[in-house]
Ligand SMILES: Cc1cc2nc3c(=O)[nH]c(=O)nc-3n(C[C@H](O)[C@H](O)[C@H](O)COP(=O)(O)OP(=O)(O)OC[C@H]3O[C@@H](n4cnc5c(N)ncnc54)[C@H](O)[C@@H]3O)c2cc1C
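For reference, the chain that follows is the form predicted on its own, supplied as structure tokens.
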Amino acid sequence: MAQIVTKPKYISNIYNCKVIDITHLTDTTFQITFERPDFKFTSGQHIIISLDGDLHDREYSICSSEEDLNMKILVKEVNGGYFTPLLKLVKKGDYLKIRGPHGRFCIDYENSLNKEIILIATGTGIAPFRSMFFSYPKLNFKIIHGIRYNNESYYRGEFKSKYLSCTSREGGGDFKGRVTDYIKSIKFPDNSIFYLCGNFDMIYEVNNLLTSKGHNINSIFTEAYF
């Protein structure tokens, strides 16, 4: 199976970044836009966010492009969780503490030209793929998004024809069923490169499906959210 690296705790500079906007995408999912910290990042990397006066922190993938003036993250409120309900209370003008960037879930741009780049996500695992999509417009992306309900198809309007939803709990999407059901049903070009981001079970199952179809393990890259 493709290696999944457990992220260590990092020591890095702390940036205080002002919240510019909060967009509620569903009852429990929201996007926070804030001032960009004074660093460069590569699409696919994540940052560590904390709040003033609180010792807890969480990692979030950057979902803005490498050239955006501001930075965005995508947050799913966890029922009974500690940190995400606090983030949901954040308002315009508040400040987030940012550390980073970190991670190696990044695209080898030169090696990806003239190949099909398959981005497979569940839920808010779509976040780093938005960054990749807008940072590298010359690459040939296909985005496959596993969701429960159609209103969870975040960024569909931005991805347009490159996006396909696999909706497990209602009809009306592009494909009725789980991501793994869709992967079983199609054939990808032999030279495809795959990026998997989301829950561990999806990553494990899709990785096994792709290798069983003959795709090289070295062409599959993963980032587990939970």
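When you see a residue number, it is the position in the sequence shown, counting from 1. Predicted, not measured: the structure shown is a model, and the values here were computed from it.
Separately, the form predicted in complex with this ligand exists; it is not shown, and the next lines address it.
With the partner omitted from this view, the residue of 153, 135, 140, 84 that lies near this ligand in the predicted bound form is 84 [heavy atom within 4.5 Å]. Exactly one listed residue, out of 163, 34, 195, 60, brings a non-hydrogen atom to within 4.5 Å of this ligand in the predicted bound form: 60.
Partner proximity in the predicted bound form, defined as non-hydrogen atoms within 4.5 angstroms of this ligand, places exactly one of 34 to 42, 52 to 60, 155 to 163, 182 to 190 at the interface: 52 to 60. Residue 78 belongs to the set of residues with a heavy atom inside 4.5 Å of this ligand in the predicted bound form.
Contact annotation for residue 127: at least one heavy atom lies within 4.5 Å of this ligand in the predicted bound form. Among heavy atoms of residue 74, some come within 4.5 Å of this ligand in the predicted bound form. Contact check for residue 221: every heavy atom lies farther than 4.5 Å from this ligand in the predicted bound form.
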